[in-house]
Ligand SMILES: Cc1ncc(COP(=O)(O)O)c(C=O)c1O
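First, one chain by itself in structure tokens, the form predicted alone.
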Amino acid sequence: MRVPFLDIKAQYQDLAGELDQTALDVLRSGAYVLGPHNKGLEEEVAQMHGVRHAIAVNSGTDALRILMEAAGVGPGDEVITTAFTFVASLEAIVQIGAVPVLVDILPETFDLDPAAIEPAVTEKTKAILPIHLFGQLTDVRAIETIANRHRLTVLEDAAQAIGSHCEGRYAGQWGRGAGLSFYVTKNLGAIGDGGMILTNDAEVDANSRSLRVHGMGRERYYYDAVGYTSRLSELQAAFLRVKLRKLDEWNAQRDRIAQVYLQQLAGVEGIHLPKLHPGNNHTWHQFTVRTSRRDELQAFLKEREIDSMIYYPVPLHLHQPYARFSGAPGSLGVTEEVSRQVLSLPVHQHLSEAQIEHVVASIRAFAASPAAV
């Protein structure tokens, strides 16, 4: 039985009539740049996350880069974060001239280890960039306490965490701002690229709006900074507004599937299941297990037509462009071990009951099989 990792076509079929009509409406309107759908999307996502301001931009990478600049992070400033993330997290730091300081992660939740933060703080440290990986927030309460103690700025990489919260405080409320991604594969995915900055800070909001349009200030053709061209397409904003109305339903379905995995795979030998920080929900952008037999398991599933993915096979400090920001291999021991063990299973909202059962039965069969010599 075929089990795809994602089913973008099925997602389109869910909303085909509305999406088709929306495209025509935008095309006929002539409002293609920062039009009413951009404004509407900003208002709706801001309300969802309980923040005052949302700024739509053209990618999740730009959301992080512009957020950091808008919050005053610049050349020579150190930003504490992890190497177990998509490259955009570090890429954005380096591109603005700041310095990523990489610390280790927690093996059960794959995110920044709060105990590793304070030993990494120096007089040059300006910010902490927690990565809300795979759909749940980091240990935000511990990070907030450390940041307050050292007067550091918290900027959240929430690219994979729209709808995620801890005890009702959503991503974007735990620091000066957060960056979202609307890439195609995200829980709320555009039909292309897209991103958004969330903040309660009026200065970050004003700076971000300026930076996304060439650094232009309140008056047209007068510039306050060296900025970017980072406007979200009006078509993408319109599509995202249609999909946003389904997001809670889709996330609930992802959670239902994840709960089946958690219940049916509990206690299966050699399979370590993901855990939640206390108080967190989980939107399950990925359902990621760990096993010392990762490559064997992936091959076993492939034979049974079950897709899986490895996020991330090589941590960023072991890639040439970022090696200078960390020690030699082995310097981030937990990160490196986790990278050798992680495997993400299908958890998208269009899986059938039979497909879910096939995944569970196949993993149980694998665990009962002898390890390759």
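Small disclaimer: the values here were computed from a predicted structure and weren't measured. Heads up: residue numbers just count along the shown sequence, starting at 1.
Below, we refer to the form predicted in complex with the ligand, which is not included among the displayed structures.
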Only one of 166, 88, 73, 101 has a non-hydrogen atom within 4.5 angstroms of the ligand in the predicted bound form; which is it?
88
Sort through 131, 147, 237, 106 and report the residue having a heavy atom within 4.5 Å of the ligand in the predicted bound form.
131
The ligand contact in the predicted bound form: residue 181, any heavy atom under 4.5 Å:
yes
Residue-level contact is defined here as any heavy atom of the residue lying within 4.5 Å of the ligand in the predicted bound form; does residue 209 satisfy this criterion?
no
So, in the predicted bound form, is residue 339 in contact with the ligand at a 4.5 angstroms heavy atom limit?
no
Closest heavy atom of residue 194 to the ligand in the predicted bound form, within 4.5 Å or not?
yes
Options 22-30, 341-349, 314-322, 53-61; stretch whose heavy atom lies within 4.5 Å of the ligand in the predicted bound form:
53-61
Non-hydrogen atom within 4.5 angstroms of the ligand in the predicted bound form for each of 78, 81 and 126
no
Stretch 139-164: residues contacting the ligand in the predicted bound form, 4.5 Å heavy atom cut-off:
157, 159, 160
